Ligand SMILES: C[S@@+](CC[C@H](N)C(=O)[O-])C[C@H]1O[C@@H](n2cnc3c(N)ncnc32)[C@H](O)[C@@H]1O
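Below you will find one chain, with nothing else, as structure tokens; this is the form predicted on its own, and questions on how it binds or moves follow later.
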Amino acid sequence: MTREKMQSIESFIESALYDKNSGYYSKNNPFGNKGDFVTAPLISPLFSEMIAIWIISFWINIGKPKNFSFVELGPGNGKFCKNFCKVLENFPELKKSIKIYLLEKSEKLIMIQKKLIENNNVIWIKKLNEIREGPILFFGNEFFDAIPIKQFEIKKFKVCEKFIKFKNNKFEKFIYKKITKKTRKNLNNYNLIRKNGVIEFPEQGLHILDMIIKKIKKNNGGVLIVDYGYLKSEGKDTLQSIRAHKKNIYYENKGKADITSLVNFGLLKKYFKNKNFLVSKIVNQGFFLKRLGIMERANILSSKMSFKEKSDLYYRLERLLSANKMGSLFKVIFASSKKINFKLGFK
């Protein structure tokens, strides 16, 4: 008996990554050399240290509130949070004021994070309404690239959504369906409709940002996003899949490989402006980390290191900062309520 199934790109990614029983993040530890990819906090603790200093400076800038909430979106294996808590030991006033929330829906990853992090300031949440009142800062590093996106293409002068047809659980072909007027309006709001090429729209990501915006507007604060992406769409399909640090065809090995897309930072900037938020200029990761003093910190640490340790330190820094590695590909944006004007790292 032939079994046929059709899924939108968004629906396929959602089930491939987040299905409770078979999803990639539900049953795997994808991080590290034994996993499928390595994130910045795993490459060098200096990344976490610089972000920690930025967060502390932000808290000082808004007047050192006695109740301050920090939310990490998708904390991975918990490495950033562990390093952040270590830095907080040197700032007892903030340590007393802060509550750290880890937004994570994968039970598998929560178990991994809890083994690594032992700190009374840390609370695991699955919904944003679990956060207390008071100024709040959201931080996402490689979070939005893993949120499912919709894909569209122009077919016979009509905008169509892209679907995948499977036969007996194997890829058969792509199918394109004409979009609704509502979808066209959403795409037009961000000037995404073009004469040809692929259109990618992060509907789920914007829905998450809607909830974040509501929290910030109610309590004051901001959101810092670091991810790999671009400033202006070139009409390309940016979906990619990694398995054991090697490229994988994203509609194959379902539930066994990571799937990501490049983040459209130009779209994010327009979104924040539409919400009447202050938005930083978009900078690349190398620029941001250098402005925060990562090289100066590295030089201080290296003065007490052996040659081998120094080589390792600067090799890892090169991965974070180099223009042909993460330094340029990764972008940084910060948006805040209009009560806050904070530009550290962006000028």
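Note that this is a predicted model, so its numbers are computed, not measured. Numbers follow the displayed sequence, beginning with 1.
The form predicted together with the named molecule exists for this protein as well; it is not shown, and the discussion that follows is about that form.
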Even though the named molecule is not shown here, does it sit in the predicted bound form so that 106, 141 and 146 each have a heavy atom within 4.5 Å?
yes
The unique member of 117, 208, 87, 192 whose heavy atoms fall within 4.5 Å of the named molecule in the predicted bound form:
208
Note which of 31, 314, 59, 287 lies within 4.5 Å of the named molecule in the predicted bound form, where distance is taken over heavy atoms; exactly one does.
31
Heavy atom to heavy atom, is residue 39 within 4.5 Å of the named molecule in the predicted bound form?
yes
Given that the partner is absent here, does residue 200 sit within 4.5 Å of the named molecule in the predicted bound form, heavy atoms only?
no
Just checking whether residue 255 would be counted as a contact of the named molecule in the predicted bound form - the rule being heavy atoms within 4.5 angstroms.
no
Do residue 134 and the named molecule share at least one heavy atom pair within 4.5 Å in the predicted bound form?
no
Counting only heavy atoms and a 4.5 Å cutoff, which of 70 to 78, 178 to 186, 239 to 247, 261 to 269 contacts the named molecule in the predicted bound form?
70 to 78
